[in-house]
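Read the single chain below, which is given as structure tokens and is the form predicted alone.
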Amino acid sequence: MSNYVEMWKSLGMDLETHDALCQVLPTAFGDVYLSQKSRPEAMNFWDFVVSEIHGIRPSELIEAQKNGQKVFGTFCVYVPDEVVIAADGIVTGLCGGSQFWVPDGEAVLPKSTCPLIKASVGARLGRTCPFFRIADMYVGETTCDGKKKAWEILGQDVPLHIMDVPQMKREKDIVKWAEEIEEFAGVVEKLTGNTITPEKLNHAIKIINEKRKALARVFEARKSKLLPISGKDALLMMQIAFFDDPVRCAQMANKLADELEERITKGVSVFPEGTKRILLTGTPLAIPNWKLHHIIETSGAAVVCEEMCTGTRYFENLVDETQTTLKEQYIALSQRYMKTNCACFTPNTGRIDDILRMAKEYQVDGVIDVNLKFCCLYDTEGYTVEKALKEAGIPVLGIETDYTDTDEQQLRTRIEAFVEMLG
């Protein structure tokens, strides 16, 4: 990573503090990931990306900027990547998943704000993440009150556009979200200097649909009674998908899926027969938040699916590729994105339906509902989730955590007891 020092300097980063972060990450990654046995060879790509996480992709983004492209930083799966790509822009995910960034976030936010928001704000204001320094514009959304206030602070430091997500899913809300997408397209056109045409948007829709299909193939392999990949490795793929080039991401995910399908045919599993299968549901686990997966998979169980933004919500449902006018395409985009069942919606019965469906499809023995501390939306919805699962006869464990390691032993005790209870 030392080859990127000049690049970091040019971004105005705090190199001394950033060095401290770079020293911690390799050890954490080695302990969690490289200690695994019988990993798919295709995971070498994602291992490499992590080893150069603040170097290789940021340098690609900077090179693209030199060639006139604009970079848009996003924080939510509702922001349509297709619109940015149609204007020859680039999208990079910006959600912070490290405790390292939280103190700088707490300098301007209440301590009772969720760690994802504090880490995301801290990564920008603390000048310790190149992705947060590179983006020409941030794209926020109104999925929670904490984010809405955070945008006001970040907007003082970087150009920011906010998309107003409807809170219900009526037909008029789908029309409203299509209007938000159309307005966003105008903002993107103005910043990039490029006009979005139906042909360009259709091409962008196909690119992101192919990425979704590739990620879905990997998850399809996780439904097998044999487990050809660990939950940790699948999570890593998903985390990196948020900021990697979408075409390359699809290629590498398809390559991984090919290997997983071959492993299933040959009877190769990374877990012993009879390992308990866990579905994780709840708040997103942004990189490098690997704590919960690691605890579960070293406590006698395996994570086989994540009903999260860093899981199925990111790739399920495709955008209709048959529409030929921009108005029709904006509606098609809205229809697809509004199928994503975030806890910000009311009512949100679709998420309960998703969890029960996935519990069956992935043949799970139990569900762990994880909530990031101070996330009122998912914490409140946890009641409905647990009630529905218990009524369906599916064991469930509710967990609240943050980005620190202080609760690791407590979580391990609870998870081990839950797995033992599964028999």
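When you see a residue number, it is the position in the sequence shown, counting from 1. Here the structure is a predicted model, which means the values were calculated and not measured.
As for the form predicted together with a further copy of the same chain, it is not shown, yet the points below apply to it.
Student: Which one, 300-308, 193-201, 160-168, 210-218, holds residues whose non-hydrogen atoms are within 4.5 Å of a further copy of the same chain in the predicted complex?
Tutor: Stretch 160-168 is the one.
Student: a further copy of the same chain in the predicted complex: within 4.5 Å of a heavy atom of each of Asp145, Glu183 and Pro347?
Tutor: All three within 4.5 Å in the predicted complex.
Student: Using heavy atoms and a 4.5 Å limit, would one call Thr322 a contact residue for a further copy of the same chain in the predicted complex?
Tutor: No.
Student: Does any heavy atom of Asp369 come within 4.5 Å of a heavy atom of a further copy of the same chain in the predicted complex?
Tutor: Result no; Asp369 lies far from a further copy of the same chain in the predicted complex.
Student: So, in the predicted complex, is Gln156 in contact with a further copy of the same chain at a 4.5 angstroms heavy atom limit?
Tutor: Residue-level check for Gln156: yes, a contact with a further copy of the same chain.
Student: Consider Thr380 of the chain shown here, and say whether it contacts a further copy of the same chain in the predicted complex, taking contact as heavy atoms within 4.5 Å.
Tutor: Within the cut-off, so yes.
Student: Just give me the single entry in Ala257, Val270, Ala343, Cys249 that has a non-hydrogen atom within 4.5 angstroms of a further copy of the same chain in the predicted complex.
Tutor: Looking at Ala257, Val270, Ala343, Cys249 one by one, just Ala343 meets the 4.5 Å heavy-atom criterion.
Student: Pick from Lys176, Lys223, Lys206, Lys339: which has a non-hydrogen atom within 4.5 Å of a further copy of the same chain in the predicted complex?
Tutor: Only one listed residue qualifies here, and that residue is Lys176.
Student: Taking a further copy of the same chain in the predicted complex, which residues of 195-224 have any heavy atom within 4.5 Å of it?
Tutor: Contacts from 195-224: none.
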